[in-house]
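One chain comes next, on its own, written as structure tokens: the form predicted alone.
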């Protein structure tokens, strides 16, 4: 029996008032694991793929998941797929980095000067609707076959979504934060780095994800053209070459490689950045 502050015996608490610590059921704990949920989704998609391929029974048109994995493993062990993937990643990272740098410069100028804002608005209205694939003939004339032409069309595809998302994020920063930065004496680059970028980071991160997807799409399309012309290149040429040989499983293996790289980058890079920034700051649920 317990006693209150006056030394009087406290009344016994009802049994239902007692707090008993019990572990959560296993199903609840598993459902709370995001990595496990995503893994189950991938397994379900693989099962649907395998089931549809077995029902269609036409490996030339639609190979099964098992056949695709076997082709991917065989080409990876032989080194062909690894070499093509390395070529594509090298060009992709270079073009993506150039686009990120240009987008940061343009969005920064747009926030510090009215002329920069007018320049970004005009250029995005003009060039953002222009498909990158439409610039392939001009890239071929200006830069010839090879990496410079691919970089040109890739930067065009990635630059405008990045710049638009960054500018939208900067424009959405509250006036209170802006005034706090001004009152602290921040101007120019320090103002952008310490005030605008942290406040606009959810939009910036979204732009980086969209730009990464656009970079892959443009790279594969460009490699299909330039790879055919120069008989070299990365995953785009690998896909085209196997299509000509009617090796459909290898075509699916090339496409699956792009998917696997996308999943890895999202899990290891973008989700890590998101977890240590916007989620940690309470800007996303």
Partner chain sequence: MEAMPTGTPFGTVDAGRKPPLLHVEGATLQYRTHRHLVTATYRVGFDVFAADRFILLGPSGCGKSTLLKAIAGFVKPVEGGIFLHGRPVDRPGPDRMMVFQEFDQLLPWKTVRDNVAFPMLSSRKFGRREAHERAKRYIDLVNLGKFAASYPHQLSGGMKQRVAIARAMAMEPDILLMDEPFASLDALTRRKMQDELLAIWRQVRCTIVFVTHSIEEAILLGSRILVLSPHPGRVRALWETGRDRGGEASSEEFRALHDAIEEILFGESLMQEGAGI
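Just so you know, these numbers come straight off a predicted model, no measurement behind them. Positions refer to the first chain, counted from 1.
One more form of this protein should be noted, the form predicted together with its partner chain, which is absent from this view; the next part is about it.
For the options 184, 127, 134, 141, the residue carrying a heavy atom within 4.5 angstroms of its partner chain in the predicted bound form is 184. Under a 4.5 angstroms non-hydrogen atom cutoff, its partner chain in the predicted bound form lacks residue 90 among its neighbouring residues. Using a 4.5 angstroms limit between non-hydrogen atoms, residue 177 touches its partner chain in the predicted bound form. Heavy atoms of residue 116 never reach within 4.5 Å of its partner chain in the predicted bound form, leaving it off the interface. At the 4.5 Å threshold, heavy atoms of residue 195 reach its partner chain in the predicted bound form. Residues of just one listed stretch (186-194, 101-109, 153-161, 80-88) have heavy atoms within 4.5 Å of its partner chain in the predicted bound form: 186-194.
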